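In the structure tokens that follow, the same protein chain appears in two forms, which are kept apart as structure 1 and structure 2.
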Structure 1
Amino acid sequence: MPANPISSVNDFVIRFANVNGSGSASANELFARSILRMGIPVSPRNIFPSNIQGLPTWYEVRVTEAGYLGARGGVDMMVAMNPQTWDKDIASIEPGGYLFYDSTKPMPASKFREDITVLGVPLTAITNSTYTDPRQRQLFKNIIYLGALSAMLDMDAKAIEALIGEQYKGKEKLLSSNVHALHLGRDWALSNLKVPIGLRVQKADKVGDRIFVEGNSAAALGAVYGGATVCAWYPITPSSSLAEAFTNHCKRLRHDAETKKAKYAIVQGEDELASIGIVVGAGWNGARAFTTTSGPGVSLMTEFIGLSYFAEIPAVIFNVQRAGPSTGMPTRTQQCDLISCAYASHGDTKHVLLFPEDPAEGFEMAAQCFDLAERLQTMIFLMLDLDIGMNHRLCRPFKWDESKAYDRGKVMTAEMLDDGRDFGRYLDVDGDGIPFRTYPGTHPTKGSFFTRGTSRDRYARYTEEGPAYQDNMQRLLRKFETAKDMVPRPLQANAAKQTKYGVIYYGSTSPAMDEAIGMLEAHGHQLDRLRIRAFPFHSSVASFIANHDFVYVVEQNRDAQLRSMIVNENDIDPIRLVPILHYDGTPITARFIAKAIGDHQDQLKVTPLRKVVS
């Protein structure tokens, strides 16, 4: 028994170590949802290595009444259900933490630790004495451990029962047998263990009207709301579930009421080249189209990305980022494709990137991508990542402005052509760098043109003249300038006291950053915050940097990619931007950020600032 068992209400991390395919996922999710129902925010994360034998998976739930949704780091309680990963799992428990294991088979004392509380429940024995069918045994064992856990953590059994009731609505038999299994475990724990333990869940009212959803599903829904009609994709973790979610959403929301026919077309391409080719073809022909992929897919798509840029074809890529490369760590999260997406392809190219922080923003930005693509007539990237995409996240509910119609951009119609409007496919008519386009098939004699990457003049006539090429390249730059004011603006939050220091961050780093700010303030470090939401950068990014002596740029990649882009695009002295980099494949934590920035701040106090700058 440990000297100081951890004692905490509504603020701890519990990790389930499971074997893939054992049906644990739904029981674990049920656990997380029950806590939500008790009014306490949770932040769950799936951890699933792609290539270890026996396919261990972990599910981590951060219970956080304070609402910190980033990964915390450390494990207060381990539910160890996978003998294969036992040693590592036991080692990862914080001193004073708890271990819950299946005690059916006796374990030598050497397999445990002195400084943790061990809670053995003979799960297999209980299960086997109740059920004979192997499948039932497997499934109900999970519910039994959930029941035992509910007793240990002093959870409200009613909340779990209510959720089971919703899940098995209309299937009375399944419903009652699940509730029965729940109580088997709960009752055993209540009568055989000293429960509740130091970690407890207590009813609160901190969830509000928030929803609990995966980023990939949210972005897919955004694509439905944003009017995407063509989706072409090639399976790749962690983006596949986005295309699958789009398929499911479309099945429910996009069939014609009378004919039952589909108002969408989804094609699983033979590879990423075909997928993006289909998207570009559909965009050329006036449909809203997108593909879902991850870094290796983007690599394959780069030739087409350039075509979209030069031929000015609206297209959208949802990139759910993961650690590289193709044979790398497909199930690990990173923000590692910024540069490869921002400057993808050959020739001088630049692309618009959006950085959603969570599923709610993923939904909004996914929809917005299609307006931007058609307005700017170019490739738009939605930069998700595994952490947002494949985990349930608590976020504000989805909202849709009914009064808003899709922005189809500058499209010249047959009527406009008949009215004698001058049509030059690459003609900048009003200084924003964006030309008009015509859809194929618009008019019998006017408005047709032959689409090429470059080698044409403002009227799409073939030419290889240098000045015509440059003229076009300059217009594309003007268009990129126009984009700066169209993309989502950065959001700034100032410290309570005036400060010379700032921090820039983006995407899934958000919740960890919010939490880290509190930790830093507690240590007397004041920082103004700027969350960048898009590339190209709005002018407020440069002014934010200009207004601070030092700005930390927090990222989840090795090479400080966003920082490089800021330096590159704004001609900023790199010394003013201090990289804070986390790139081991796990989600960034508040602890990490607070320590890295805190250490740097402490160093600054040793070296007078003026010396560093000069």
Structure 2
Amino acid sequence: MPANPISSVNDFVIRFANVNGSGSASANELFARSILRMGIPVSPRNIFPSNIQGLPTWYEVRVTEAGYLGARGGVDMMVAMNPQTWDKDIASIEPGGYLFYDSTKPMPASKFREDITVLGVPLTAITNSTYTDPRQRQLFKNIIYLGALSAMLDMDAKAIEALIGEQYKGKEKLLSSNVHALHLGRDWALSNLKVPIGLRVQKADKVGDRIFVEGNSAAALGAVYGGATVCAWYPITPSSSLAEAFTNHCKRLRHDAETKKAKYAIVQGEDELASIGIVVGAGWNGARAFTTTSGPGVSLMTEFIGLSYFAEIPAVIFNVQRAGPSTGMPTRTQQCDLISCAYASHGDTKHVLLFPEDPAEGFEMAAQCFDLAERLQTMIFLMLDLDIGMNHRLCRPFKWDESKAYDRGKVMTAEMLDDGRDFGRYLDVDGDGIPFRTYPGTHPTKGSFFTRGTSRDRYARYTEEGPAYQDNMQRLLRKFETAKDMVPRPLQANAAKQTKYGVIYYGSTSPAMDEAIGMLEAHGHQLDRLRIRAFPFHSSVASFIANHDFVYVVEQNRDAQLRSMIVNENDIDPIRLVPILHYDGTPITARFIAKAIGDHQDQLKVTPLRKVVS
């Protein structure tokens, strides 16, 4: 027993160590949702392997009344249900923390730590004495440990029972058997352990009107509201659930009320090439179309991406990033596809990228992608990642303006053609780099053009003359400049005190960054901060950097990809941009950010600025 066990109410990190395929995921999610029902914000993260069964899996739940939704770092309580990872799991517990394990078989003292509280429950013995079916034993053991955990943390058993009731509504046998298993564990803990422990859960009212949703489902719903009618995709982790969610949303929302016919097309192509080809073809034909994929899929799609860029065909890619390169770690998260997407395809290309921080922005930006694709007549990337896409997050409710009209951009109609308008498919009529287009079949004799990936003049006539090619490429660059004022602008927040240091971050790094700022301020480090939400970068990015001596760039990849893009696009001295890089496949933590920045700040205090710069 430790001298100073951790004592905390509604503020701790608990991690479940399980075996993939053991059925633990549903019990662990039930734990997170139960605390949420008690009015306390939670942020769960599922860390799972890419095989079907047998390898280690972890489920971490951040419980915090303060509402921090990023990974904190460190574990206050470990629910150790996997012998394979025992040593690693025990080592990760904070001094004064708690270990909950299956004590059916005796463990040598050397397997424990003296500075933690050990809570043994004979889960296997309880399970085997109650159930005879092997599968029931495996599944109900998870519910039994949830029951014991509820006693340890002083959780409201009624909240858990209510959720079980909702899950098995209409299936009374399953409902009663799960509630029975819950109380087997809870009653044993109440009778045999000194509970509750130092970590406790008390009812609060800190959730408010926020919703609990996966990022992939949110983005899929955004695609529906954004007017997407075509989805072509090929299964790949971690994006498959986005296409599946889009299918389910369309079944509810996209059938004609009278005829019951579907007003959408969802195609699972034979591969990524077929999928993006369908999307580009649908976009050329006037549909709002998208595909959902991950890094390896983007690699395969680059030739069609280049066609979309050069032939100026609207299309959207939802990239749910994972760890690369090659197969990499399919079920781990990173922000490692920025450069591959921003400059996808051979030749000089630049693509628009949007960076949502949570499911709410995933919904909004997913819808916005389709307006941007048609306004700019090009490929738009929504840069999600596994941490956002496949985990549940608390976020503000989705809002939609029912009066909103879709922005189709510059489309020349039959009436405009009959009025004598000069139609050149690649003619810049007003200096913004965006030409007019026509839909197929707009007019019986006017407005037609060849769509090709080869060089042409302003009227879509084939040519390999250098001046015509250069004219077209410069116009595409003007269009990219125009995009700077169309995409979501960066959001800036200044420190309480004037400072010459700043931090830039984006996407799923944001929740951990929010907490890290508080940690840094507690140690006397003041930072202005800028959250980038899109590429191309708004002029405020360069201004923010110019106003600070050093700017930290926090991202989840090895090669500082966002930092490289900022340097490349703004001609900035890279020495002034300090990379803070996390890329082991797990979500970046507040503690990691605070330590990395704090260490650099401490170095600046003892090293003259001129020496650091030189």
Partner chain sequence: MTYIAKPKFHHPGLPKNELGFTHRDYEGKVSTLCAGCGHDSITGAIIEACFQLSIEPHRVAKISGIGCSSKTPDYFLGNSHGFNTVHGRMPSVLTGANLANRDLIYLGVSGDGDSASIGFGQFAHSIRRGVNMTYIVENNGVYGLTKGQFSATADRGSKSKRGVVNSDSSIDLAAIALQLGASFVARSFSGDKTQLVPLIEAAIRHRGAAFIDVISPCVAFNNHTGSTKSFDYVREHNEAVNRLDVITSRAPIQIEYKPGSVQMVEQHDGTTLALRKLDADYDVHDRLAAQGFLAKHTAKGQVVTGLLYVDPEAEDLHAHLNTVNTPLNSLGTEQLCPGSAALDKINASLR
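We call the rigid core whatever largest set of C-alpha positions still superposes within 1.5 Å between the two forms. Structure 1's sequence is the ruler for residue numbers, which start at 1. Model, not experiment: these values are computed from the prediction.
- Matching the description of the form predicted alone is structure 2; structure 1 comes from elsewhere.
- Put the two forms on the same core and the Cα of Ser110 is off by 2 Å or more between structure 1 and structure 2.
- A displacement of less than 2 angstroms separates the C-alpha positions of Lys350 between structure 1 and structure 2, with the rigid core held in common.
- In the core-superposed comparison between structure 1 and structure 2, the C-alpha atom of Arg137 has shifted by at least 2 angstroms.
- Structural comparison between structure 1 and structure 2 after rigid-core fitting shows the C-alpha of Ala25 displaced 2.5 Å.
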